[in-house]
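One chain comes next, on its own, written as structure tokens: the form predicted on its own.
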Amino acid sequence: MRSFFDYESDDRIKSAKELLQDFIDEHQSYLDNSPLNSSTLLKSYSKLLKQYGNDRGGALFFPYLSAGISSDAKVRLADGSIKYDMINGIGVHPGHHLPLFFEATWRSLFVDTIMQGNLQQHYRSAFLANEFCKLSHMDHCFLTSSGAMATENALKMMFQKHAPAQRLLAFEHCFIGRTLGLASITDKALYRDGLPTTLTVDYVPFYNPKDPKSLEKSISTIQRYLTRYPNQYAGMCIELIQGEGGYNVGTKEYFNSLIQVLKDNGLCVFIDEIQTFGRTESLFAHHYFELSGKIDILTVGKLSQVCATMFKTNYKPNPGLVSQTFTSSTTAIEAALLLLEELSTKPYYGPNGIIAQIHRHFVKHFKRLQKKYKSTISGPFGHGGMIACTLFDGDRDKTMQFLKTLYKNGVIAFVCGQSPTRIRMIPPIMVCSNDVIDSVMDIFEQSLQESL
């Protein structure tokens, strides 16, 4: 099969690519040497923010609109300011303006459409689906354009397989999504305010490292529900690391024991890796927790660029159950292929991999701050490329104010959890050097001092 990459043998294409890369390198060099927060367009920027907030029906969480060329861990905003991005679209970006993404964008120039569709797909989609299957150890892969759609497809496969069961198990404090269906599962009342209930969900307590009977409590809760509603459950939605819920992390023993109970009762085991994909000490979180061969349906998204529902053969849906107009953009498909190659061949994973090293360096800083500021900060929490801390005993108002101060000083982070509310970071794993972490944590401490 002739590849469109053959175009690159043309001298005109080679020259154009080199010129464009030189231009980007030049502007990134300027960005790297520019001070943080040197806003130069405040008046016009504020007007644009106000206009956009009105058009979308509500103000943006941050006064954030990016513009131009960004560089590695730094992002440039439309007001001319520069900030360290430690939330990365809540885990979407491994870094800004990476060579990998330049290459993906370049390759997509030579493809016939911007968006690839489910009815008519570009051949690179076939390569991507196969790569997901090989790396995940799952049988099948259905590509989709969003994590929510990947999860909706997973639920449809689960319920069709276990019809007429209509109930679902999920963990307390879980975040599964915000669609009408997924809002019924997500354990946050605010996200389903005024919405009709579309799914019947019963909640199981998540692993608590401070409670030696945590596993026993989770299993007894599941068994109680199964006794109360026999033959009515299709399966359980499982986040191995709770993101929105507060960066709560389970253990290998906990999940393996709990999943065995589900299996013994014939329930579907559905693992949601929309946020954790690529950010644990294994490419897939279920591999880190030693769950290979024990799960039925798996979803990935965010860092993967193209989202996907992967499943075992016995959960293959009947014709017509899952479909959609878009698979994803051509650029995203190319980016996903290059990203999977990068992550699966470079030393990102394992106890001494890049991601583990990033986590340890953050932990070192947080422990230093904990000694210095004592009762003001606790933690850190999370795993790998996901890290959080609790400030001010988890007081939401004070934590939100700190988040704004941190943003003002040049670092973008976010919150997670409800009680307590925590500050979380999802650093750009491909460019997060110790020097970047040191600079970020210096700003973190400065912001903490301003908040006391």
Ligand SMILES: Cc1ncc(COP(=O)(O)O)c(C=O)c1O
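Residues carry their position along the shown sequence, with the first being 1. The structure displayed is predicted, hence computed values, not measured ones.
There is also a form predicted together with the named molecule; it is not shown, and the following applies to it.
- The contact residue chosen from His359, Arg107, Lys302, Lys74 relative to the named molecule in the predicted complex is Lys302, the criterion being a non-hydrogen atom within 4.5 angstroms.
- For the candidate set Asp79, Glu334, Asp85, Glu239, a heavy atom within 4.5 Å of the named molecule in the predicted complex is found for exactly one residue, namely Glu239.
- Candidate site formed by Ala148, Glu244 and Ile274: every one of these residues places a non-hydrogen atom within 4.5 angstroms of the named molecule in the predicted complex.
- Using a 4.5 angstroms threshold between heavy atoms, Phe255 stays clear of the named molecule in the predicted complex.
- In the predicted complex, Met157 stays away from the named molecule, with no heavy atom inside 4.5 Å.
- Residue contact check for Gly382: none of its heavy atoms lie within 4.5 Å of the named molecule in the predicted complex.
- Although the partner is absent here, Phe175 is a contact residue: one of its heavy atoms lies within 4.5 angstroms of the named molecule in the predicted complex.
- In short, of 274-282, 160-168, 258-266, 345-353 it is 274-282 that has heavy atoms within 4.5 Å of the named molecule in the predicted complex.
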